[in-house]
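Single chain ahead, by itself, as structure tokens, in the form predicted on its own.
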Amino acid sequence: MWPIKFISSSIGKKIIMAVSGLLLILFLCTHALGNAAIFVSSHAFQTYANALHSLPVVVLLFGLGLLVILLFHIGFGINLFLQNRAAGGNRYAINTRVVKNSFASKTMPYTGLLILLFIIIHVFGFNNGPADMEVSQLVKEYLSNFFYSLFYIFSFCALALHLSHGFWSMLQTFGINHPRYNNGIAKLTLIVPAFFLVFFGAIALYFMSGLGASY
């Protein structure tokens, strides 16, 4: 059957990686948009959280969908890494990258594992916090902890490194590679990871520094 042949082929795996990666980036964008309320006030963020919790079925389906996407991304990512290592070559036939980041490409599985560890700790912590504590206060409680915030920032550094290669790889899979656009692509491979690092890192620093004391 063609679906089995597709996911078994090298190009099929790359397309699944690219599509799942794009969906995860879009999730990060929506997550950043929601978390922006933190910088407004605890009331604004709690209002946002309450709006989400008022749609439990939607949140459940969205969460399950996100889990499936993440598992596909991890599974096929590991498979491609092992396949590439066995072949001893490059995952991509196109090697005309404007900005090379060999360190990021070589550490993809390791930064990916660190990101996964962060997700597990982060999700477990917020889903198993005190029942009588609002989400907005739980955010302050966790991120006011120096070591948790440090781990938070370090994890987003790993994400930025992961994305600096992953975003470029995704564009290559989609066929977005042309001398006319390469300079723009090179900038995007830096801008997109830097945006997430600066934005989410700023949330941690907001509480770490004491600026969020009155939050």
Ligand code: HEM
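Numbers follow the displayed sequence, beginning with 1. This is a predicted model, so every value here is computed, not measured.
The same protein also has a form predicted in complex with protoporphyrin IX containing FE, omitted here; what follows describes it.
- Put simply, L28 is close to protoporphyrin IX containing FE in the predicted complex: some heavy atom of it is within 4.5 Å.
- Although the partner is absent here, P193 is not a contact residue: none of its heavy atoms lies within 4.5 angstroms of protoporphyrin IX containing FE in the predicted complex.
- Using a 4.5 angstroms threshold between heavy atoms, G77 counts as touching protoporphyrin IX containing FE in the predicted complex.
- Protoporphyrin IX containing FE is not drawn, but in the predicted complex it has a heavy atom within 4.5 Å of A18.
- Stretch-level contact check against protoporphyrin IX containing FE in the predicted complex with heavy atoms at 4.5 Å: of 31-39, 162-170, 148-156, 54-62, the positive one is 162-170.
- In summary, among the residues L143, V135, I121, I115, the only one with a non-hydrogen atom within 4.5 Å of protoporphyrin IX containing FE in the predicted complex is I115.
- No residues of 182-197 lie near protoporphyrin IX containing FE in the predicted complex, the criterion being any heavy atom within 4.5 Å.
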